[in-house]
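One chain comes next, on its own, written as structure tokens: the form predicted on its own.
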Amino acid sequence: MNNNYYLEDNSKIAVIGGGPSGTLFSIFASKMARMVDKKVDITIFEPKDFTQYGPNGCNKCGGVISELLVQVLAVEGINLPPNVVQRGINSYVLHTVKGDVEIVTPAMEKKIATVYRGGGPKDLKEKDLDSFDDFLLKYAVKEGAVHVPLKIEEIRQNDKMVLASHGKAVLEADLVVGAFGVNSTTHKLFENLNMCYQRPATTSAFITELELGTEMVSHYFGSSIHFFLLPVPKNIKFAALIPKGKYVTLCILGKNIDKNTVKAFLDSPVTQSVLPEQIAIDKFCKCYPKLSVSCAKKAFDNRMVIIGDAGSTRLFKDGLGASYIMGKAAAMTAIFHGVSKKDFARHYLPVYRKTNIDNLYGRYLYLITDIYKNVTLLTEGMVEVVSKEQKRSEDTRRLSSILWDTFTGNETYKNIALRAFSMPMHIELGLSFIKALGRRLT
């Protein structure tokens, strides 16, 4: 431990970003400090008002919380109130060019939740609904953090870290936590420092909120997320329709997503069979955010640490779960060990690397998924096997459980990949491929 970089009583922590990574770090740091009878002052700098409708309050996320995160938050004493959860999800419906199949929640547990990260779509006027991000921000304040609605525009490295806004110093901090997303310009503040930070590589996405009405959403989508694995357009990796109240969130992930890609997806016969009517995208709230697909380089230094999407997050799925893991790891390091570069290397970096290594298994799984969606023979066999599994006992639904955990982010990619080597599953898939081939030849 380097005593020059140890948080003493009345040490000041500046958290830049009030999304889940920043608020969860603040919650854990506050609780851990009390455990060791230490008083630390935590200030969260977040200019965005998460209660606002539309882009002003939006955090550009599909808003699906895995059952694993719901459980671990409950263990930490953070229970999501009913007015935050838009809908409980009990199944995924997989849509392909070779048919559709429903994958029900293991053990029929309705623990996956859909939420709004901000106040909701710009036309939403339901005052009894709360934002997930606003709930966590208020929870952090209740635990002792202070929320300052300022945008930090400069960080100066002296003996301590000096944060400035509008040309004026606003705080001298013993630790600066960068909890910003890859869509923020805040990364430039850290790239200009001696830590040599480089933000993660990104891919593109499209998100919009389709207003269909509560009855229509319930009738057509129920409590299911509709997941699309389609070979065309080729630049789409996958897409999902996520029911939330009277809206359905459409998320498309891939490379170079633009309005032509979105139109091609919506015009697909498979998509048209799911949506109740022709959708005029232009009338709804929408964005084209970036998603992190790698880890940041040099994510910590003396008195500085980067967490969340701008540091290390899970590939494509369960970014909120990664916020929990990385936020807690950074808080434990800072409160129990210190805030030097060596402290973060010893106690934060192993967790950081574990997420990155797990993402390598994720890349393998999505590579296999791409092959299955692009080869119709494989697609047909996959749908047939899952359809059969859904009629059998739960312990024999091998492929279904792999797809479920991949879609939801409910398991580590490593564990999913190891389960994918199941010999009985591959035998069943092989027989289905042979049957599909036979049908083509007759």
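None of the values given here were measured: they were computed from a predicted structure. Don't overthink the numbering: it's just position in the shown sequence, from 1.
Below: the form predicted together with a small molecule, not depicted.
The small molecule is not drawn, but in the predicted bound form it has a heavy atom within 4.5 Å of residue 151.
Taking non-hydrogen atoms only, residue 117 approaches the small molecule to within 4.5 angstroms in the predicted bound form. Remark: residue 48 counts among the residues lining the small molecule in the predicted bound form, judged by a heavy atom distance of 4.5 Å or less. Interface membership of residue 61, defined by any non-hydrogen atom within 4.5 Å of the small molecule in the predicted bound form, is confirmed. Screening 181-189, 265-273, 295-303, 347-355 for residues having heavy atoms within 4.5 Å of the small molecule in the predicted bound form returns a single hit, 181-189. Of the candidates 171, 97, 291, 80, 291 is the one whose heavy atoms come within 4.5 Å of the small molecule in the predicted bound form; the others do not.
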